[in-house]
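Listed next as structure tokens is one chain, alone, in the form predicted on its own.
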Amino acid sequence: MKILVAVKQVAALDEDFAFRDDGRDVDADFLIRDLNEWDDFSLEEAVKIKETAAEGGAASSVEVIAVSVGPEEVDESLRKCLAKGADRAIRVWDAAIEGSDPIAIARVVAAVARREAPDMLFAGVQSSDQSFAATGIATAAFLDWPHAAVVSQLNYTPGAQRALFRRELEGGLLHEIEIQCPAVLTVQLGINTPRYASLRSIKQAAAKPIEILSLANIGLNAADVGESGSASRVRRMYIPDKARAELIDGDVAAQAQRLAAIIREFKGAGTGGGAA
């Protein structure tokens, strides 16, 4: 059986940064990139299932495949997945994918899932850079598979038709439910403790191939991705104006007088003249 794990290489801001000339993103030279934290937990959960199956005598029964969408620099995060226990790594890229929103990315992941026919698909609840929490659930919609979000505990036997899991709800509530497989689960932080890759596994991962797929390889075209295939687009990115705060002292009359003056200032009327 196969478990497909969708992973993302996220970007964090350096201390100093500048926007691109088009104003729609931060200049790539000012970004620090790494494997998304949530995806690290989902990968660990898949590897744990594989190891449990191996302990039961089915050493080759579970294959963990990490898949990511992005340019060549994403290989660094995929090799980290290989070093932590993934059996294969797939990267999908085409120039037309540039500018894709989470929905368009989900369309790509779903196409890879149809190609690989996994028994389960794991993804992190959200990414640490954009926090849309949309890709995993949108992938399930494109596949028409059962899905669940914010999974904090999973009980799944490889090859089983159903999986039992617990998910977090608002207000500290927990929801325990059974789901039919294949299914898409988005995994929450804390479901396990992600392992550190050993030096030996890092060296082995560096020698493993990463399968590169184009849009044509997965049955998609340029209209399915990029801005044309997205439900949203970035118009501009900017640093918001710094807010001001003032503690108004005095009695009620003094506070009211100062508040009226602030309102006049805000409206551009100045502090003198006019009706309060």
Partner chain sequence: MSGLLVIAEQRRGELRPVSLELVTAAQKLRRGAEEVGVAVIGAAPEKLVAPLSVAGVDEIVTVKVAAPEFDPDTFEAAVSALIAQRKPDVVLVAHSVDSFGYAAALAAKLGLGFATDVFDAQRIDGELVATRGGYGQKVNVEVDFPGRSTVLLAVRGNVFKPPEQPASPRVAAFEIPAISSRATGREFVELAAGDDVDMTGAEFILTIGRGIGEESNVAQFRELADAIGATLGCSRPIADAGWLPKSRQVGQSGKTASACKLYIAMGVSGAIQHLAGMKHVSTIVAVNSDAEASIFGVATYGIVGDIFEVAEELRRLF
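Numbering follows the first chain given and starts at 1. Model, not experiment: these values are computed from the prediction. Take the two forms, superpose them, and find the largest set of C-alpha atoms that agree within 1.5 Å; that set is the rigid core.
Form predicted together with the partner chain: not shown, discussed below.
The stretch that touches the partner chain in the predicted bound form, counting heavy atoms within 4.5 Å, is 243-251, out of 210-218, 42-50, 243-251, 64-72. Remark: residue 175 counts among the residues lining the partner chain in the predicted bound form, judged by a heavy atom distance of 4.5 Å or less. Put simply, residue 22 is far from the partner chain in the predicted bound form: not one heavy atom of it is within 4.5 Å. Contact check for residue 95: every heavy atom lies farther than 4.5 Å from the partner chain in the predicted bound form. In the predicted bound form, none of the heavy atoms of residue 222 sits within 4.5 Å of a heavy atom of the partner chain. With contact defined as any non-hydrogen atom lying within 4.5 angstroms of the partner chain in the predicted bound form, 103 is the only contacting residue in 82-106. Fitting the two forms on the rigid core leaves the C-alpha of residue 219 displaced by under 2 angstroms between this form and the one not shown.
A displacement of 2 angstroms or greater separates the C-alpha positions of residue 258 between this form and the one not shown, with the rigid core held in common. Once the cores line up, the CA of residue 170 ends up 2 angstroms or more apart between this form and the one not shown.
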